[in-house]
Every structure is written in structure tokens, then in C-alpha cells.
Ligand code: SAM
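As a starting point, one isolated chain is supplied in C-alpha cells, in the form predicted on its own.
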């Protein structure tokens, strides 16, 4: 029994690791999902990009494979065509989107680091979907403000995915709500923030987890009270909250 208890404690500790991309309480169960549902259906290009990204020193920033599968199906279900992504990294979720939308679909992709995007770009090009992507390097807020200035952009996006600086999530939301169409979706990633959203005040959290937690909590509280949207928080990856604009 003692050995079994130690094993459970070890597994519990592992789930406190920031790098654990699932909130499931069993590594074996998460592995079952990946091996049964995700990996056998993962497009070869996404597998290649996932493996390239795994070797990058910042690989913790990537979208998990199960979340990539979810986004790909979601975009097909809502027939998304004009989309936006804030926070690209090497482009795993971007590729999931590009593969899902029609050949004449578009993704406005923003990131402060073009170098990371260029790591995945050859794979995206090989997959034949690079023409759908309009990548822009730099902070997203000034770009969003420019988009909002033109009334033609209001309500023009079917889907917007945000996986970027958590301290600006609330600022993104204030702008994106005008750009997404009524009936369209905004997806905010990391809204359960490694489970830290329910951690006690004295919990031993890594410095940056503790710092950004307050911003994640602020967003979660704000969108839960926003009458312009319907929401659904899902324990996929590190938590993703879908916001459907209703007015």
C-alpha cells in the first residue's frame, strides 16, 4: 500500500508541472486518448510540426495534440472561412486551422516573434495551406485597433483563437467582440492555467504561473458576466473557453 501511495503522490506532483498539457488526473487516461483518438487521425503535417516543436526550448507554449484535433473539427462544424489567430508560436494550432478552412479561407495570424513561426513555415508550405495565412509580426493590440477603425471589419470574423500574453486577454476581448460576427466564436486558450485558478493563495506555484494567474482569473470572471456572449469552458489541453457572440 505504501508503494502505491507513493506512486499516487508522484503522479499528483507530475500534474502540478506546468508542462503537463492535460488536466486529466491520470496520465494513462490522457495517453489513451492520444493513442486511440488523436495520433491515428493526426495529419502527417501536424505530426511533423508537433515533433519539430517538441525540440524547441519553449515547447511548453505549443497547443496540445488533442486541442489541435478539437479546433480542426470545430472549425469544420461552424464552416469557418475568415479567421484570426493571436499568438502563433511555431504554428501547430495555425496549421490545424489552415487544414480545416476552405481553400479560399483566410487566417490573419499575429505574433511578436516571426522566427518561431518560420520554424514551422516549411511544413505549412509543404501541406499546401500557406496561401491561407496572412502573418503579421508585432504586438496584436495596435493591429486590432487598426482593424476596428475600418467598420467593414466589424462582425467579419467567423472564428478567432487567442493563445498569447495572458495579461492582455481582457484587452483583446474588448476589441475582438466587435470583430467576430454574431454567431461566431472566440476561443481563449489556457483559461484553467494548469489548474492554478483553484490553487490556494499559499500554493507553491512557479513564478510566471502565479503572475499570470490573476489575469486569467480576471478574464474568466469578465466573460462569465458578459451578456454579449454565450460561453463554454472545456478541460481540453490547459483549458479553452469558447465564446459565441449573440449580440
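Bear in mind that the values here come from a model prediction, so they are computed numbers and not experimental data. Positions refer to the first chain, counted from 1.
Below: the form predicted in complex with the named molecule, not depicted.
Asker: Which listed residue (144, 124, 164, 101) meets the criterion of a heavy atom within 4.5 Å of the named molecule in the model of the complex?
Answerer: None of the others qualify; the residue that does is 164.
Asker: Can you pick the one in 177, 119, 130, 110 that has a heavy atom within 4.5 Å of the named molecule in the model of the complex?
Answerer: Spelling it out, the residue with a heavy atom inside the cut-off is 110.
Asker: Is it true that 155, 185 and 241 each have at least one non-hydrogen atom within 4.5 Å of the named molecule in the model of the complex?
Answerer: No, none of 155, 185 and 241 comes within 4.5 Å of the named molecule in the model of the complex.
Asker: I'd like to know whether residue 140 contacts the named molecule in the model of the complex, with contact meaning heavy atoms within 4.5 angstroms.
Answerer: It does: once the named molecule is placed as it appears in the model of the complex, residue 140 has a heavy atom within 4.5 Å of it.
Asker: For residue 191, is any heavy atom within 4.5 Å of the named molecule in the model of the complex, or not?
Answerer: Although the named molecule is absent here, residue 191 would stay clear of it in the model of the complex, with no heavy atoms inside 4.5 Å.
Asker: Are any of the heavy atoms in residue 159 no more than 4.5 Å from a heavy atom of the named molecule in the model of the complex?
Answerer: Taking the distances in the model of the complex, the answer for residue 159 is no, it never comes within 4.5 Å of the named molecule.
Asker: Verify the contact flag for residue 84: yes if a non-hydrogen atom of it lies within 4.5 Å of a non-hydrogen atom of the named molecule in the model of the complex, no if not.
Answerer: No, residue 84 stays farther than 4.5 Å from the named molecule in the model of the complex.
Asker: Can you tell me which residues in 199-228 come within 4.5 angstroms of the named molecule in the model of the complex, by heavy atoms?
Answerer: Heavy-atom contacts within 4.5 Å come from no residue here.
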